[in-house]
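To begin, one chain is listed below as structure tokens, in the form predicted on its own.
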């Protein structure tokens, strides 16, 4: 494995013990996977939520701090496992809060930009086409690779810290041009697609292709950034999709052959009936929901505008709750634009900088959740033993407001 002079200096400890430790890990990884060299990465997106990293991740972050580590490239972080404003009232245990707080302090000392979001591309971490980055968080990885055309693997948490400290990753996986070609053709023949349809489509695509790279043909040119966000998030949940191509929509499938001159290994068709069956499959309860949970991946300002329009002049029933997940930056923007006042005035609760998938339920007595997110619908039954009603944002709101 070829290494540059600076990379060798890091391995030898001439730039500090944190870089030495990180480079040793990355060098062993590269050799194990047959990398020819290291590449420079322009940004990182790390995990810093205790709900997934637990004590091992906390100890690793604190070890990098002890070794004098600093992130040398712009680095954002995924949502926390608590909401700073509401963790007490939600009944999160003190011991859990303090573990998350320690992890938060550690990454802040390392130099993280505290966006606490799964949508870093909405809050300033926006790579350009073809740029190498090192991102964790499956939905963010799918978005970076597919919608932006940047390059990253689904980077495990510890390796991501190493990349942020050294600015390097081994040249393996989706960093390599030859590994980015499509493998499976998915013909979408379902007419005009709603936001919920894009969620269901991603869920189906992930189940069909697993860890292969799908090429979708038949998406409408009007597909929005939020639509593509949901498509990738769902496909990365039900499958292991880190990159998809959409013909004439995503950059590596526009003006070029996304299969790289090869024939697809398999061809599948998804029609309207299959989308409807997928929605029914994700619905595991018919009972009235106690809670509507939206914002997985985190809601954009456009989605908060739509939610505020649905809630304006209305009131959520006393025995129902609305949990809205977004970044703190987007929440602050929503406050300035008046959307937050409408949503909170109707009885909704913002849990900014947080995500239910990687958070404890605390003392909340909840059995059935209604959501417009396929990722929530996929993960919450196993993470929290919850029943799910999967439906559009408008239907979610209608289910919990007063007549």
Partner chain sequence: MGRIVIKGRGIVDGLAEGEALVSLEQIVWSHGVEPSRGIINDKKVRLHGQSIKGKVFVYPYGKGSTSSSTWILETIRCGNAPCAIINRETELIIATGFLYGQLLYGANIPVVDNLEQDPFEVIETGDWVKVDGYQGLVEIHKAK
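Not measured: the values here are computed from a predicted model. Positions refer to the first chain, counted from 1.
One more form of this protein exists, namely the form predicted together with the partner chain; it is left out here, but the text below deals with it.
Quiz item: Using heavy atoms and a 4.5 Å limit, would one call residue 367 a contact residue for the partner chain in the model of the complex?
Solution: No, residue 367 is distant from the partner.
Quiz item: Any of the heavy atoms of residue 28 lying within 4.5 Å of the partner chain in the model of the complex?
Solution: Output for residue 28 is yes: heavy atoms within 4.5 Å of the partner chain.
Quiz item: Can any non-hydrogen atom of residue 59 be found within 4.5 angstroms of the partner chain in the model of the complex?
Solution: Residue 59: contacts the partner chain in the model of the complex.
Practice problem: Mark residue 239 yes when one of its heavy atoms lies within 4.5 Å of a heavy atom of the partner chain in the model of the complex, and no otherwise. | Solution: Contact check for residue 239: yes, within 4.5 Å of the partner chain in the model of the complex.
Exercise. Note which of 260, 218, 114, 156 lies within 4.5 Å of the partner chain in the model of the complex, where distance is taken over heavy atoms; exactly one does.
Key: In short, 156.
Self-check item: Answer option from 171, 181, 125, 138, heavy atom within 4.5 Å of the partner chain in the model of the complex
Solution: The residue in contact is 138.
Exercise. Kindly indicate whether 97, 101 and 399 are, all three, within 4.5 angstroms of the partner chain in the model of the complex, using heavy atoms.
Key: The answer is no; none of 97, 101 and 399 reaches the partner chain.
Quiz item: Pick from 345 to 353, 370 to 378, 330 to 338, 36 to 44: which stretch has a heavy atom within 4.5 Å of the partner chain in the model of the complex?
Solution: Among the listed stretches, the partner-contacting one is 370 to 378.
Quiz item: Considering only 341 to 367, what residues come within 4.5 Å of the partner chain in the model of the complex, judged by heavy atoms?
Solution: Contacts from 341 to 367: 357, 358.
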